[in-house]
Structure formats: C-alpha cells, structure tokens
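Just one chain is shown here, as structure tokens, and it is the form predicted alone.
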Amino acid sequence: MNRDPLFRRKTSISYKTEEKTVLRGYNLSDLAEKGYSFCDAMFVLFQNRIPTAAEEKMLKYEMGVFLEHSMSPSAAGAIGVITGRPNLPCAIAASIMTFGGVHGPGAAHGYMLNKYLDRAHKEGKSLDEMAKILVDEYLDNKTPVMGMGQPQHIDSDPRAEPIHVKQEELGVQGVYLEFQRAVEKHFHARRKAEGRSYVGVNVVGSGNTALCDIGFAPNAAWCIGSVCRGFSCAAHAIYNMKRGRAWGASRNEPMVQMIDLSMIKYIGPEDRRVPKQSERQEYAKNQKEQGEYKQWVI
C-alpha cells in the first residue's frame, strides 16, 4: 500500500515520534525532568526560547492574578452553558469565547501600544509626548482607552498596580511599562481637568503590558489570558454541574437562580388575540399602516 502523503504540512512548532514529543527542538520530557515549568514551556512555545528566571516569574505572577475573577462574562458563560448539561468542554469553550473587545481584550491593548510606539519612533517624539497624543485622540473621538477602567472595580482594579510593581521588582520593565505609565498619567490628568471621575488601570492594561515587555505578541498575550481563565471557568462549570440544578431555574432553591422566571420583566406588547386566517390580510395591512410595530423591530 502506498502511504506517501499527497501533500506535506510544514510546522515550526513541534513534532513527535513513538519515543518523544519535541517542542521547538526541545524534548518536552527533558524540560520537565530538568525542572522547567509550564510557564517555561509557554516561552518555548510562543517565543522559541527558554526565559530568564525573572521572566518566568513574571509570567507566573501575571497568570496567577488573572486566573480567577469571580462572576464575569466568562464565568457566567460557563455556568449558563453547563446548566443545559452538555459535555464539560462545551462550557469551557463557551467561557473562552466570551473574550472579546471588552472582556479580556489583551490583543486590542497590545496593538494600541504597538501602533503608538511605532508612531513615536517615526515622528521622533518621546514616549511621554506620544502617550498624551494617544489619550487625546482616543478621548476626543469618544473611544475607550484600552486597559483603563473596570466595571466591577469602580475605584481601581486591585490586581493592576501590583503587576506594574512586580515588573519593576523583577527588573523586567521596558518600553511598554514606561509608555503605559505615561498613558495612565495623561489619562488621569485629562479626566481630572474635565471634572470627570477617576478611572484606574485594569488588569489587562497592566498584565498585557508585562507580557509585552517579556516578549509576547498581542495575540499570544490574548491566548495566554484566555487559556488561563479557562481553568477557572472549568471550576465554575464543574461546581455547578455537581452542586447546582440542571437548567439553573428551580424554584426549590433557597435563592433566585440564573434563569428563574422571576428575573424576567416583560416590556413587550400587551397580550393580543391571534387573528383568524380569513382576517389575516386586513389585519396585517392595518398593522403595517399604523406603524406601531416599528418600536419592537430588532
């Protein structure tokens, strides 16, 4: 039997044989046997290099503080899906899929920083000057500055500043942290001058800054955050699978559940008679002419 492949796939990531699995040239078993961690392997996977001890510690710290965030879109997604009792990976996948433009937007923040850092280089401006330009352009256009603000931590995200500090303690601060701090400074100054409330940096603004400074590209940082939170969302799903009720709406529970009917306030049209088929044409014509339906169109 001819088993020659019709076409060959090329990859620079990994290969395996009966004896070993090789990641970017390193035998994964050898990495583990010699004391290299999961975070070390992440560097090899995304950056094709073994990190310094400080870089590995920074990644561990960032992933640790990002692991759990209690009730958030991702956790709610996992819980909502598991109430239907699909296989567990479905709930985990659903939770990770909530990571978009406003929940864990690591890539968006990274690309914003890269865009303005590139402009600073091309236009011959200092990081401080370019940070002010970034803030003014975003706020003038009424566009949220990525990495600033957290709806549940009104005063400030308690995880954010400690990540900045940890970068400095480990000596892995770089151009991204310098630029991010300048952005925060001008952002706070602009809002204060306009008489607006204080809005602090969030964990993406600080955590993604740290990941950028230790060499991760924006999309890689986004993936790391998504996978990291996936472990937490898996725990939420398993807990609700074991301790919660299917459907999450039982009236026998001591507290209102996620889709309990008492949570729903209907604000649509009043109850109305369904017309007979013989009345249909005239009924539909009148509805269209009156135009009342337009306020309900979605």
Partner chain sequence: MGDLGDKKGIGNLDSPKMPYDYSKREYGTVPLDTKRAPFQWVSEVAYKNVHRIVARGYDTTELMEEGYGITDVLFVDFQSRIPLVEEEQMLNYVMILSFEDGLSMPVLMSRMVAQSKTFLTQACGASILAFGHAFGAYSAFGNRLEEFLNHAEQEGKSTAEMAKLLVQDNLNDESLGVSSLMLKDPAAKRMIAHAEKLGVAGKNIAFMKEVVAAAQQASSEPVDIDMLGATGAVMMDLGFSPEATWAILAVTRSFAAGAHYIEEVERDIAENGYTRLGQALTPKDIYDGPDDRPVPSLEERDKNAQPAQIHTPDQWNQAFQERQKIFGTGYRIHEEIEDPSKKTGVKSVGKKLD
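Residue numbers count along the first chain shown, from 1. The term rigid core refers to the most C-alpha atoms you can superpose between the two forms while keeping them within 1.5 Å. In this text, all values refer to a predicted model and were calculated from it rather than measured experimentally.
The discussion below concerns the form predicted together with its partner chain, not included here.
Per the 4.5 Å heavy atom criterion, its partner chain in the predicted complex is contacted by stretch 81-89, the sole one of 67-75, 81-89, 223-231, 189-197. Within 4.5 Å of any heavy atom of its partner chain in the predicted complex lies no heavy atom of G149.
The closest non-hydrogen atom of D140 lies beyond 4.5 Å of its partner chain in the predicted complex. Its partner chain is not shown here, but in the predicted complex it comes within 4.5 Å of a heavy atom of I50. Although the partner is absent here, K166 lies within 4.5 Å of its partner chain in the predicted complex, judged by heavy atoms.
Of all the residues from 23-43, those having a non-hydrogen atom no more than 4.5 Å from its partner chain in the predicted complex are R24, G25, Y26, N27, D30, L31, K34, G35, Y36, D40. Remark: with the core as the superposition reference, the CA shift of I13 between the shown form and the other one stays below 2 Å. Once the cores line up, the CA of R272 ends up 2 angstroms or more apart between the shown form and the other one.
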